[in-house]
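First comes one chain, alone, set out as structure tokens in the form predicted on its own.
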């Protein structure tokens, strides 16, 4: 058994190499892949590095945000146009991890990791995926995450989403036993645009409440068209567990996650501190 290392200078070249050899894994930030190497789960194949500068680009000055899949959490934190995402990026590991952990890698993080993917799901992001030497195609992030669970993949080149018109419309909360960098008991992200003081097109997403980040559709229905007041918050809490499948792991039990999710959802929607 041996590991080989290759370098691709363009995203098209990298996508072609990945499509041609299923034993090749992209080495982006390395926080997931190198763990598999060091723990003996990936010892025979090829590690592929990608040096295309576009892979790490961030375009966030306009109404539409594009984050290169190779952009790191530290790069998000350094970008003032992405201030609404700073609490999310800051919740991913400690400073050393944030220097390495990438946007694209977070999309593949197994539960209870992947807090940034939860935020992207609440923002209705599109994932740009390139399979082979053709052009990248846009996939709705919910479809992408479902395909990930079934084993679907390709080269993720970027994620795109509309920037919230009001930063206060986007909310994020991570519940962990060790703050701020502990593993998630759960995470919640909500994008709650409003028109005439009523919520329109609510998007609420959970992390660690299912095998992948999931939409809280019952909560979204409870909030849609309503003012964000005590009555709508209570209705949202009543629908908080619809569609969830939390697991028992070393961080928390399924029972605990089900018990406390409505509490933390209510606090997030009410704008309460932790």
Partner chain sequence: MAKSPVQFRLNGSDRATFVDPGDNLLTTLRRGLNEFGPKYGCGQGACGVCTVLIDGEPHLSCLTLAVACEGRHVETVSGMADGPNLHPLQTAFMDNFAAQCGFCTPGMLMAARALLERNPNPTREDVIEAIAGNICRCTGYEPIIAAILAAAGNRSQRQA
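Quick caveat, the model's predicted, so the values are computed rather than measured. Positions refer to the first chain, counted from 1.
Same protein, other form: the form predicted together with the partner chain, not shown, and the subject of what follows.
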Tell me which of 164 to 172, 94 to 102, 115 to 123, 133 to 141 has residues with heavy atoms within 4.5 angstroms of the partner chain in the predicted complex?
94 to 102
Partner contact for residue 39 in the predicted complex: the partner chain, 4.5 angstroms, heavy atom
yes
Find out whether any non-hydrogen atom of residue 232 is located within 4.5 angstroms of the partner chain in the predicted complex, and reply yes or no.
no
Can any non-hydrogen atom of residue 148 be found within 4.5 angstroms of the partner chain in the predicted complex?
no
Decide whether residue 4 counts as a contact residue for the partner chain in the predicted complex under a heavy atom distance cut-off of 4.5 Å.
yes
In the predicted complex, do 31, 35 and 181 all put a heavy atom within 4.5 Å of the partner chain?
yes
What is the one choice in 247, 47, 54, 60 with a heavy atom within 4.5 Å of the partner chain in the predicted complex?
47
